[in-house]
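Okay, so we've got a single protein chain in two different forms coming up as C-alpha cells, structure 1 first and structure 2 after it.
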Structure 1
C-alpha cells in the first residue's frame, strides 16, 4: 500500500465557469493544503458551465452537414477558453494558450471530418464531448501552478479504463486502480496536486469514452476509491443535498447528513446534484462523500456515509424526475403465465432502455422510462404478445428516508398531502426507504410543494416557535 491520499475534490461546471470561479477554486485548494499539511488533494474538474451542451450542438450541426456553423460555434468556444486561460495565468500563460489552441485544433479537424461524412457515431460524439473536460482541466492545472500551488495535469484517458459503451461507459475498477497508483500516486507523493478532467475515460486500447451526463461526480468517486481517499468532495453551486430540487421548491432546506442508500435513491430519482453512480465506488471502500458549495466554502455541506439516519424520525428528502413516459402492457391471457415478465423485460434489455418504476396488477404491468430514443422499437416488440399504451409527459416523485422503514405513518401523511392530485402509480421499494408516485408532469410543482410543506416546512415552523 502507498501512503494515504487526503481527499478528492471535484468542481462542477459552475464552479469553473469563469475567472472568479477559478479564483475561488484556488482558494479552496490552498485552504485545504494549509489545513491538512502533508497530502495535496486530487482535483477533478468538469467542463466550463454550458460547454458540454455547446459541444452536443456542434456535433448536431456536423451531423446535419453544416460544417460552417459547427466550426463557428467551436471558434466561439475557443475564444471563451482563451480569454479565461489568459485571465487566470501570468507565468504559464504562453504554454497554456498553446495547449488550449492545440486541443481545439484537433477538435476542429475531427468536427470537419464528421460534417463531411454527416455522421456522428456515439464513439465520435464521445471524442467531441471529452474536449470540454480536457481543456478545462488544463486551465485549472496551469492556474494552480501560476498561483504557487505545485500541480500536474493528468490525462484521464491514461488512468480511467472503461468498457466501450460510448456515452455511458462503465469503469474497470481494477485496471483503473492500478493506473491510478502508477500515474496519480507519484504526483501526490512529490507534493503536487494532480488535476484531471472528469467524465472522460478510455477503453483498454485507448479509444476515448465518457461516463454519461453529469459523470464528473462519478469520476471523482472512481479516483477516490482507486486511491483510497479519506473523503470525496463534490463542490457545486448549492449548499449540499437539499430537501427538494430548489428549482421546483424554493423553500428547499439543507440535509446535513444522509446514508449512501438514501443518496443513491435521491440521485437516481432526479436529485441532479449527484450523478447516480457516484455512490457505488464510495460504498465499496466506505469513503464519505461530502457535497459543498464553492461559493460558500465555509458552510458545512452534506455528508453522505454508511448510516445517515435522521435523528428526528422524519423524512430525508423528496426528489422528482420530470418528463418520463409510462408504458402500460396488458395481456389478459398471458400475464399470469410463467415467463411473461421475462419476455417483457427482455424487450427493454434488447433496446438498452432502463426501467425506473414497475407496478403490476392482475392484468397489466406498468413501467416508466426516461430514455425514449428506442420507444418505437420497444412498443413494436411488446405488441407481439400484449396490448401496449404509452403516456408521455409524466413524472416520478420519490420520497426518501431511512425512517420510512420504521414509521408507516409517513406514507399515510404523504397520501393525505397529495389529496386531489391524480396519482397514476404508487410503489414502495422492497428496502422501504423510498415511496414513489407517478403523476402528470404538470402536477409536479403543486405536488412537490404540498409534500415539502407537510414534511419539512411545518417542522421548521414548530422548531422556530420553540
Structure 2
C-alpha cells in the first residue's frame, strides 16, 4: 500500500444514536470502500447521542456525595450500551458485551471513589467523560466486523498525545503524527478500517484527557493531518453549512463551498455545525473538510477549502449568536491616554471571559460577551476606573464572505435591508470577511429574515427565472 490515506470519517452523536444510525454508518463506510478502491477510511466516532450530558450528570452527583444516584445513572447507561451492542452484532457479540461491561465496571469504581471524596477534579472529570467515546467506538468497530468489513478498534489514548490541560487539552501534533504512523498506518495497510473514539487523548504519561467542546471533530482533523488524509468528512444530521440558522430562517439554503477562514468566522459567530478548532489541523495541511448528512448520504454536503470563495461575488452566509450582553465602559480618562485599553482588557483576562465584538470612540468602549458567569466581578473591577453599563438580551448577527473585501456594495445593501432595525453596534474585522451587527435579541428573526431575503432568496429567484 502507499502512504496516502483516503479519508477520515467522523460520525457525530446523532450518527451513532441507535441501531438504525449504526446501520447507516456501516452503509456509508461500505459505500466508500467500494468506490475508492485501495484505502479504507479511518473512522472517528462521538459518544452515543446524549451520553456525554449523562456522564456530566454522573460527575455532578458524585461531587454532591450522592453515589447511589450516580451509580444508578451509570447502570442505565450500561444497559443502553449493552442493548445497542447486542442489537448491532451477532458473531462478535460475546466479546463486545464483555468489553463494554469491563469499561463500565472500571467507571463505576472510579465514580464510587469520587462520591466518597465528594470531589471531582478536572483530571477525574476527563476520565469519566472519556468513557462515552471509548465504548461507542468499540461498538462501531465490532459492528463493522460483524458486517464483513475488516476493522480494528484503536484506543485513542494510545495515539492522540496531549498536554495536561484537562477538559481542554491541546494536542502534541508531532508526537501524535508518530503514534498515528505506528499504530493506525499498519491497520490501514492491512486493509482494515481503524475505528477510534473522538474527543479523547492522553498525556505522554498515559493520563486520560479530553479536547473539550467540539473535541470529536477536532480529533478527526488531528488524525487526518497526522496521516496525510485526502479529505476529512464530518458526518452529522444536517446537509452541510447553511446560509442561516434554519431555526431562525426557514428558507436557509445549502452553502456548497466556503473557505477555511469563512467557516471559522461562521462557527465563532454561532453556526453550530462546526467548531472553530476543528479545522485548524486541516488548515495547516490544506486538507479539505466536507460536512455531510448521515441520514442523506447522497447529498453533496459542504466542502471547506483554503480558497472556497463564492464565484458569483456574493455573500457566503449569515450567522447569529443569541443572548449576549453589551458592556459599555465610559471614562474621560480615555481621551488621548495610553494604557487605558490594556487596563480594561486585563479585567476580562483576569476573569477568563472572552469578548466577541469591540467598538471604540474617544471616551468609550463597548464590548459584547456571551459568558456572564463572572459579569458582576468584571463590572465591579471596571468601575474602579470607569462608568459601566450593561445591556442584556442582545444578539450578534454576522455577515460572512470573502467577497466582502472586494465589494463594498455588500455592506451598503445590508444596512439598507436593516433600515428599520435599531442597530446597537456595527463592526468589521481587519480581515474584512465579516460585518457584525449587535441588536436586540427580539429583533433577530426579522433582521435575519431581511438579510437572507436580500442576499440569498432574491438571488435564487433571479437564477430560477433565467
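Fair warning: this is a prediction, and the values are worked out from it, not measured in the lab. Think of the rigid core as the biggest set of C-alphas that the two forms share within 1.5 Å after superposition. Positions refer to the first chain, counted from 1.
Novice: Between the first and the second structure, which is the form predicted on its own?
Specialist: The chain shown second - structure 2 - is the form that fits the description.
Novice: Following rigid core alignment, is the displacement of the residue 66 C-alpha between the two structures equal to or greater than 2 angstroms?
Specialist: False for residue 66: its C-alpha shift is below 2 Å.
Novice: 2 Å or more on the CA of residue 203 between the two structures, with the rigid core superposed, yes or no?
Specialist: Result for residue 203: no, shift under 2 Å.
Novice: With a threshold of 2 Å on the C-alpha, tell me if residue 374 counts as moved between the two structures once the core is superposed.
Specialist: Yes: residue 374 shifts by at least 2 Å between the two structures.
Novice: So, with the core fitted, how far does residue 352 move at its Cα between the two structures, in angstrom?
Specialist: The shift comes out to 4.4 Å.
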